[in-house]
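A single chain comes next, written as structure tokens; it is the form predicted on its own.
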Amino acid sequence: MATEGWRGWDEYARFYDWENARTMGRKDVRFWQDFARREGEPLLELGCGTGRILIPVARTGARVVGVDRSEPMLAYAGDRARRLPRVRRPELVRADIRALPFPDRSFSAVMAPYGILQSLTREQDLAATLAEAARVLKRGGTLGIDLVPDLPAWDEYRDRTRLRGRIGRSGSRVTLVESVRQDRRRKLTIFDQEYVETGGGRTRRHRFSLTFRTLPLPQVAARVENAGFRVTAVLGDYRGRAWDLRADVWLLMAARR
């Protein structure tokens, strides 16, 4: 079983936007745009991926930097960035979020959208990332974290067809066949993905796994506090309503001490 949360994301890059357009969509985009307007600049996004959040935030005029370990993900983000006016293009940096290549107190705010911290599958990985976020934030700067609460509740299943559609300019047909495993002792949810792509008389199968670690929200908040932050808000949706146990989203805002 893979325990390194970065594994699988290079292979996922081609399909990430296709899948998220059919699941997550743009539900969280305005929240992060408002975050950028409120918190000032420069901003850093941890795990910016294909730029799904980064590019809309850059369109607000904010000076923003996106960091990701996956070169294929960053290639898609770069294609999106080139469509923006030069003065609004974000800076893209390939790096590990556990060891950020930026000086101390470089940023006014750090964003960790859509469960990126759940890709840190070991305790030391989460601790290192939170410590790095604290290091690069100015005193009083804000760390914004978005967590996906329902991953541990997913039923285990094998080879279930989840999505079908067309992808890319070629219009290839794509089918997502998915299996889900739970390792409850280690708080891991593992998605075994198979994308079956048909086009041009060929069928290609892309197989990889994505692993996520989900801690209860109070435990995440405690780790954030221990890293040098003061939790200022815990929200339960992208409209700013208070969190409770039934919330569809876990949003945590914290100020750098």
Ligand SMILES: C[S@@+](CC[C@H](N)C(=O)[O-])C[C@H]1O[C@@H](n2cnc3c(N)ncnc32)[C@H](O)[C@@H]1O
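All of these numbers come straight from a predicted model, not from anything done at the bench. From 1 onward, residues are counted along the sequence shown.
Unshown form predicted together with this ligand; subsequent notes refer to it.
For the candidate spot formed by C48, I53 and A95, every residue has a non-hydrogen atom within 4.5 angstroms of this ligand in the predicted bound form.
Although the partner is absent here, I145 lies well away from this ligand in the predicted bound form, with no heavy atom inside 4.5 Å. Using a 4.5 angstroms threshold between heavy atoms, L137 stays clear of this ligand in the predicted bound form. Shown alone here, R69 lies within 4.5 Å of this ligand in the predicted bound form, counting heavy atoms only. When this ligand is considered in the predicted bound form, W18 lies well away from it, no heavy atom lying within 4.5 Å. Checked against this ligand in the predicted bound form, the residues M73, A133, A109, L126 give one hit for a heavy atom within 4.5 Å, which is M73. Judged by heavy atoms within 4.5 Å of this ligand in the predicted bound form, the contact stretch among the candidates 174-182, 137-145, 113-121, 152-160 is 113-121.
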